[in-house]
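A single chain, nothing else alongside it, follows as structure tokens in the form predicted on its own.
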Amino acid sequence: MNVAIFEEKEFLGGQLIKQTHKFFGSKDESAGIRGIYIAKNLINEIEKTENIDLYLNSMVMGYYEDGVITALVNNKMEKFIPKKVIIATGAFEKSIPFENDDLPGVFGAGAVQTLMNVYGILPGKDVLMIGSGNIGLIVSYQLAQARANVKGIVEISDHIGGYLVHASKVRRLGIPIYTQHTIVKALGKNKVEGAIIENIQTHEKKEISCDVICLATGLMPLSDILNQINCEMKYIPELGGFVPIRDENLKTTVENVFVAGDVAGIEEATAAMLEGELTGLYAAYEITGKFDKRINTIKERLKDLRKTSSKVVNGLKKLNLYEDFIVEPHESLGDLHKTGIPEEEKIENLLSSKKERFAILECFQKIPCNPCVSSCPTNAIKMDGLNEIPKLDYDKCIGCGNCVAVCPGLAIFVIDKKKESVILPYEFYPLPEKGEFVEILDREGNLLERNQVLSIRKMKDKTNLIEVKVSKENLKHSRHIRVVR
């Protein structure tokens, strides 16, 4: 096919170019690879493909009944007549109202990521995050990596909205998460100087000093052009708002128009990339009449990816899709993020056994992710399916640390009883030096002790492995380090 891509910015990559974290999923979905590198790989594919015409700094202005698309290219209006159109305009950020919400220093999480990860500019020094979904948790972690002081994460619900492994990462940094709280006021005259948050149950208020309020309160499909061409839409809150009615091949009610990604409904980036692949192949099939078997394969991969996402599946059922699809039950996590660790007793038994070196998997939530399985040289890690919780055969585990390095959730550690050491994943600068004394932190970011760095394994993907000496009583609690110079 001859393909034309229109992008209003001066570069390709969409949201991927600011995603510095590793992606979940399977190997087929680039699991364990950082979003910025996934974007680079996709861009390289486009640049070396001769039959793709790329229009950067080009805004599509409209799509009309006679099949003509108009686009502003180099400040000149041009016409195009495609056989098929795929709309992948993504989403825009929701906001919430509160007093003084128009003060300079109130940002959307996407804007903060763009400033920080694309342009290398910190929006401020002290940040209060509003929203504990995956975006709020991930951006909080990235802000901490950039040496901002995240004063807290405010969540109106009684539980954390994002993946538990993301929440665990920020908790190790000592960032508090205020569930059942909301922001009621931004403080300051000419800019943000603080915020007042309120417990929605007790109405107790708390003042927090900050110079940035970052809103991670959800996304809405960016569907302006779909409305312009009179595509039939339906309001589905589980998918973020108004979404286009479409079939299982993402074909809309307007002839020759397909959708893919967040404009079709808010999901994870992996689903967006699979949908893009599906629509491209199906649009080509409609033109050529040649069916590609990958179409059905991708549909199955999407189903597998959505097995634990009841929110998304329930939304798709309202579009008469996935009607017979049963979502796997999602176990209640309760206050697991604050207190208990299901494997605690097993760790105790291992510490008192003859086993000298072994991995600890603190991944207790069903999410689509399995890089740890393929990384294990002894096949000690098993999963019954992409969305299952990984199980470790301690008899086979040799404590090599491969799984520690590849885990996107940074949820795996290695304990060495003989050396009295722990191997930890570390994604911060500065890197410590061998022999340097660092602070050892627990799951809540509390200081356990100061001890020595025994070894450093610098990894290409920047999840470095730091082995630290730890006293015997703190072996099972040590989960992070802090370099103090």
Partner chain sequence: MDDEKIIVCRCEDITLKEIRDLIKEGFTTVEEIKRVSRAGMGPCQGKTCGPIIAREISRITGKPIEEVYKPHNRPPFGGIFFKEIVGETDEK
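These numbers were taken from a predicted model, which means no experiment stands behind them. Residue numbers count along the first chain shown, from 1.
The form predicted in complex with the partner chain exists for this protein as well; it is not shown, and the discussion that follows is about that form.
Figure note: of the listed segments 246 to 254, 228 to 236, 120 to 128, 352 to 360, the one touching the partner chain in the predicted bound form, with heavy atoms no more than 4.5 Å away, is 228 to 236. Exactly one listed residue, out of 394, 325, 92, 285, brings a non-hydrogen atom to within 4.5 Å of the partner chain in the predicted bound form: 92.
With the partner removed from view, the residue among 184, 383, 111, 321 that has a non-hydrogen atom within 4.5 Å of the partner chain in the predicted bound form turns out to be 184. The shortest heavy atom separation between residue 364 and the partner chain in the predicted bound form exceeds 4.5 Å. Heavy atoms of residue 81 never reach within 4.5 Å of the partner chain in the predicted bound form, leaving it off the interface.
When contacts are judged by a 4.5 Å heavy atom cut-off, residue 67 does not count as touching the partner chain in the predicted bound form.
By the criterion of a heavy atom within 4.5 Å, residue 445 is excluded from the residues contacting the partner chain in the predicted bound form.
For the stretch 98 to 131, the set of residues having any non-hydrogen atom within 4.5 angstroms of the partner chain in the predicted bound form comprises 98, 99, 100, 101, 102, in sequence order.
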